[in-house]
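Two forms, one protein chain; structure tokens for each follow separately as structure 1 and structure 2.
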Structure 1
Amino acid sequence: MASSAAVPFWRAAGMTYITYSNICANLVRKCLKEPYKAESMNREKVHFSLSKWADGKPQKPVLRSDAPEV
């Protein structure tokens, strides 16, 4: 049985909710005035490490720090 409920516009546009949420968050950050804008941009930075596996053992991790393009 098909539902007659409305489809969220982000789903109709072919996006996931995470993608939609990230777009909205970026728009809000860009609209802020200083010093709040700088603080919010600092919170957006992501730090993580990657480890490749070989023969069932992790290799030396590579530390990454990806900041969004400004």
Structure 2
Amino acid sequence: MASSAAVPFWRAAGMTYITYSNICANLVRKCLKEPYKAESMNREKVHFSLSKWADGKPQKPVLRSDAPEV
């Protein structure tokens, strides 16, 4: 049974739906008027610390603490 629908262009380029959806949402947020823009950027800030492990010990952590960019 052949697959039916044509794939969307972003799927064909190797992008997942979540990436596509997040890009769309970020673009819309960038086009808002103040103060809504500041509110939404504030809301979407992420803070995380990532550390890779080697030989059972955590290596130096990488700290990401900024608003997500497209």
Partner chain sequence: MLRQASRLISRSVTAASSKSVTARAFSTELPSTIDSTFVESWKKVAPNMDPPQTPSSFMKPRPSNASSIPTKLTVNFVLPYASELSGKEVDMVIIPATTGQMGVLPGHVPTIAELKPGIMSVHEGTDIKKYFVSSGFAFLHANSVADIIAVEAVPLENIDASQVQKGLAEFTQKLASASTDLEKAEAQIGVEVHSAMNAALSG
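Reference numbering: structure 1, starting with residue 1. Superpose the two forms; the largest set of C-alphas matching within 1.5 Å is the rigid core. Computed from a predicted structure; not experimentally measured.
K.L.:
Which of these two, 1 or 2, is the form predicted alone?
P.N.:
It is the first structure (the form predicted alone) rather than the second.
K.L.:
Spell out whether the Cα of A12 moves at least 2 Å between structure 1 and structure 2 when the two forms are superposed on their rigid core.
P.N.:
Yes; that C-alpha moves by at least 2 Å between structure 1 and structure 2.
K.L.:
With both forms fitted on the core, give yes or no for whether the Cα of L50 moves by 2 angstroms or more between structure 1 and structure 2.
P.N.:
It does, since the L50 C-alpha is displaced 2 Å or more between structure 1 and structure 2 after the core fit.
K.L.:
How many angstrom apart are the two C-alpha positions of K60 between structure 1 and structure 2, if you fit on the rigid core?
P.N.:
C-alpha displacement of K60 between structure 1 and structure 2: 8.4 Å.
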